[in-house]
Ligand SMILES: NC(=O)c1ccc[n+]([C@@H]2O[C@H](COP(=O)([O-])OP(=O)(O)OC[C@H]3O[C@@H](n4cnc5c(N)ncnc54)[C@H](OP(=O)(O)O)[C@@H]3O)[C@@H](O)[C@H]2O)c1
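Presented below, as structure tokens, is a lone chain in the form predicted alone.
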Amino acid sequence: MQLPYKTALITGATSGIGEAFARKLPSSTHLILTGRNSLKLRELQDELQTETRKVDIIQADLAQSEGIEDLLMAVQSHSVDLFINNAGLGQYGAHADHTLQAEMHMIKVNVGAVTHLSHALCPTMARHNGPAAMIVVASVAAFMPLPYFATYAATKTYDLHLAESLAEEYKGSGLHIMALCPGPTRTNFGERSGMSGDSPEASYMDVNDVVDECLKGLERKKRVVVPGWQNKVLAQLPRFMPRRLGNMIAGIVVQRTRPSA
């Protein structure tokens, strides 16, 4: 795998898919890792920094405009040519059972931060002297309404549409934009979002396999990557059934997973 990027900014880098990207990128790539967990950031810095690779860490809460501005200020002195727009939140359960504060917090991270950072960084990356890329981490949930994950799915549909639209706007500029749409993945997302692991283990992908498939897609300049054959099937199902039927089936499937204790 030949990835020419010299400096990668990864949001949500302290766990899950973001951490896997940090570990999978070539050792020649300078890493800028950001997240809310300062202890985990320092641990990753100590582990991944070598004589030939620098690892910078920036603690930031992307639900706050101040956190986004602090991050942008910190990366001004770096020539970022790979931006992995990964930070995201999910919350399982009926929409009415969530507080408005929790719903808006999710929207601020999944939509607001993705938009703010893309708007700030993409024009500069498009003028970069050499290839540049942005990966927006969406979800297979972006392809369909998802009862009991309603706001999460809606935000990920936004992320997918934003990435595909910007990919067209920036084509020919040197900046390639791609959406990554993983399905269930073995990370701590389920625990944090209030879902248990009751879904069949075989339906969950290893996080390293997700990132490997994404990076292969990036190398081939794909605009959308859906890792795993099961997820590829799920992404296509809404095209072949009435929307109301698909919505009902999705709600039944999601309800099979009980909230964590």
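Model, not experiment: these values are computed from the prediction. Sequential numbering from 1, following the sequence displayed.
The following text describes the form predicted in complex with the ligand, which does not appear among the structures shown.
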Q.
Is residue 138 part of the interface with the ligand in the predicted complex - any heavy atom within 4.5 Å?
A. yes
(Q) Using a 4.5 angstroms cut-off on non-hydrogen atoms, would residue 247 count as touching the ligand in the predicted complex? (A) no
Q.
Would you classify residue 56 as touching the ligand in the predicted complex, given a 4.5 Å non-hydrogen atom cut-off?
A. no
Q: Flag residue 28 as yes or no: does it have a non-hydrogen atom within 4.5 angstroms of any non-hydrogen atom of the ligand in the predicted complex?
A: no
Q) Pick from 45-53, 29-37, 214-222, 232-240: which stretch has a heavy atom within 4.5 Å of the ligand in the predicted complex? A) 29-37
Q. Hey, with the ligand in the predicted complex, do 15, 109 and 184 all fall inside the 4.5 Å heavy atom range?
A. yes
(Q) Considering non-hydrogen atoms and a 4.5 Å limit, which listed residue (116, 171, 161, 105) is close to the ligand in the predicted complex? (A) 105
Q.
Looking at 126, 166, 80, 89 here, can you tell me which has any non-hydrogen atom within 4.5 angstroms of the ligand in the predicted complex?
A. 89
Q: Check each residue of 142-164 against the ligand in the predicted complex and list those with a heavy atom within 4.5 Å, in sequence order.
A: 152, 156
